[in-house]
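Only one chain is included here, represented as structure tokens and corresponding to the form predicted alone.
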Amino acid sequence: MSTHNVWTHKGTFLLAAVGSAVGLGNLWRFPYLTGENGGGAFILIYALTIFAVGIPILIAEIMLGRNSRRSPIMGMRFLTRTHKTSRGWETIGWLGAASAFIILSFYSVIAGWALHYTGLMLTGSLDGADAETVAASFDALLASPPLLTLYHSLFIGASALIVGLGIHRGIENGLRVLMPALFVILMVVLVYSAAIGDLAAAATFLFTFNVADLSLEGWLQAMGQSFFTLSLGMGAIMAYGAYMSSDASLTRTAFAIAVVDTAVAMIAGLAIFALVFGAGLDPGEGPGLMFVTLPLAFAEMPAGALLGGIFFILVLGAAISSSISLIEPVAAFLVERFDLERPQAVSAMVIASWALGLLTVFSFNLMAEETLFHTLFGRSAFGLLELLTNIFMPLGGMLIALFAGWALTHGEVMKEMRTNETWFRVWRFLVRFIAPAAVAFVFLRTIPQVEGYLLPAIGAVVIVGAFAAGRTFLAERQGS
């Protein structure tokens, strides 16, 4: 059964996809990875990969969603039947749904930290605090299971409420208010940073390109970030693409998503590093950049409490716009497959993801020491969940590229893309060869980190995916 919903306005898909892409990855992960890897060189590799790998796969994923008009799982089931390919390609839908489900579980916990810091900033609790006080405040938050669980519950509950209202009343109306507000707040923070901080130092740091200073690990992180920031391989873009108008341009929309997403990351980086350099702090702080370094910078600046509160409201809004896209792929599947009402489907998905998120909550306190997870997998429960998504997402993206590049016919692609033959050939070359090779390179670098009993399971998934790709390729060759 297909829901066949379509966004009310053509521009809504762009808002939805940008909302999915713009999240903690732009405001938290991108700045600290840039700081750890020396600035401009990291950004250069990131931007090149966005346009050579990210955009072609983004077009492919939207195309599969719009072509099937179904949730990722049911959509891939439909496409394998209509194209007479191996059912192994259904793995794409299941990998996307699993990634969205797992990511939501820990994403909600981390987004809850922003809820905590919004309160601290607006109440002035960190005014004039020194580095030791700010660090101790963050440690105290992580050490409190009840507090983390409360924030986790509030955040995931708010996200579920929006999605539960439906495509038009919930997601569409929410994004129309949320996304413009986020861009306004981001510009306010940038203006404040320019006035109070050191914008020149931030610009020099971000836009001085010295590729020789970037390690292989830095290259891989830049490539991985460019892939993850567009929400590829987690089912969200495919699910949203199923509601996209048939006459909206795939290519223009994909480029617009990539440009806006990259611009938000750059503006956020300028604003954050201007504050960091203005306060004389270390830009290479790592994951603690947003929750330790930035609160310290706000604490030392005029009107810092107010602007700090506004900044963390921005973080919360961006996180919610991403989290609703994580709920949609699984919720849509439950509606289509089991004929559930949308509130029922959303509730089932969110409650299960909330329960899984408790493992992340406890990873920072009750399960921080050596546990069964450490013994079996050599990492914490949170580390295990993060590792799984770092495997599922690129693997799913690689299979999306291969399926769209090899299984979809010339006529289908031209009908969906509505473009000239030259761009079609460039796109097909990128999704058939360049994008899968680049994603596989990042993916295979992740495999040596896998320990314990995970490797056989991952190997089985890879074999299924490779078998499906081979079957489709042979079928096309025989049919031509």
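Start at 1 and count along the sequence shown; that's the residue number. Nothing here was measured: the structure is a model prediction, and the numbers come from that model.
What comes next is about the form predicted in complex with a small molecule, which is not displayed.
J.: Between the small molecule and Ser20, Gly23 and Met393, in the model of the complex, does every residue show a non-hydrogen atom at 4.5 Å or closer?
T.: Result yes, every residue of the spot touches the small molecule.
J.: Would you check, heavy atoms only and a 4.5 Å threshold, whether Ser325 touches the small molecule in the model of the complex?
T.: Result yes; Ser325 sits at the interface with the small molecule in the model of the complex.
J.: Is there any non-hydrogen atom of Trp113 lying within 4.5 Å of the small molecule in the model of the complex?
T.: It does not: once the small molecule is placed as it appears in the model of the complex, Trp113 has no heavy atom within 4.5 Å of it.
J.: Does the small molecule get within 4.5 angstroms of any non-hydrogen atom of Phe228 in the model of the complex?
T.: Output for Phe228 is yes: heavy atoms within 4.5 Å of the small molecule.
J.: Please tell me whether any heavy atom belonging to Leu79 falls inside 4.5 Å of a heavy atom of the small molecule, as the geometry stands in the model of the complex.
T.: Answer no; every heavy atom of Leu79 is more than 4.5 Å from the small molecule in the model of the complex.
J.: May I ask you to choose, among Phe291, Tyr107, Tyr151, Phe101, the residue with a heavy atom within 4.5 Å of the small molecule in the model of the complex?
T.: Of the listed residues, the single hit is Tyr107.
J.: Among Ala274, Ala242, Ala236, Ala404, which has at least one heavy atom within 4.5 Å of the small molecule in the model of the complex?
T.: None of the others qualify; the residue that does is Ala236.
J.: Just one of 24-32, 52-60, 429-437, 408-416 has heavy atoms within 4.5 Å of the small molecule in the model of the complex; which?
T.: Residues of 24-32 come within 4.5 Å of the partner.
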